[in-house]
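Here's a solo chain for you in structure tokens, the form predicted on its own.
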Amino acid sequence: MTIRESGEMYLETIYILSQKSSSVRGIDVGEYMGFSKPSVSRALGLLKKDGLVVTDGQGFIKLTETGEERAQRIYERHQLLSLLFTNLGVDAETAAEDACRIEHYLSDKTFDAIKRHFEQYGHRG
């Protein structure tokens, strides 16, 4: 299943928030991302339809197993790309912003090569 960049950003946000608290609601996602309630509701509806998130009767959001796997991959890409860019001398803020843009378009083949490089040669960080 292919979701768009915005869907991946929502998954990553839910993942990050769920690492900080076991209770994640749409309002938390909206505040974190700076999006309106209707935008968040629409995105969550699409993620539910794709089987990536579920909500309970109280409105708490949980990643499904598939959603969590996908979110972890996206988050790993973000972290590793940010580290790569800062190792190249880019300031942390710019590195994080660029990583956020690139993480959604980088092929698995290229990301795996970057990951192998870091595992083989180590990194600062």
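Residue numbers run from 1 along the displayed sequence. Please read these numbers as outputs of a predicted model, since none were measured by experiment.
Missing here is the form predicted in complex with the DNA; even so, the following discussion is about that form.
*Asks:* Tell me which of 96 to 104, 63 to 71, 83 to 91, 38 to 46 has residues with heavy atoms within 4.5 angstroms of the DNA in the model of the complex?
*Replies:* The contacting stretch here is 38 to 46.
*Asks:* Hey, in the model of the complex, does residue 51 get a heavy atom within 4.5 angstroms of the DNA?
*Replies:* It does not: once the DNA is placed as it appears in the model of the complex, residue 51 has no heavy atom within 4.5 Å of it.
*Asks:* Quick check on residue 25: any heavy atom within 4.5 Å of the DNA in the model of the complex?
*Replies:* Yes, residue 25 lies within 4.5 Å of the DNA in the model of the complex.
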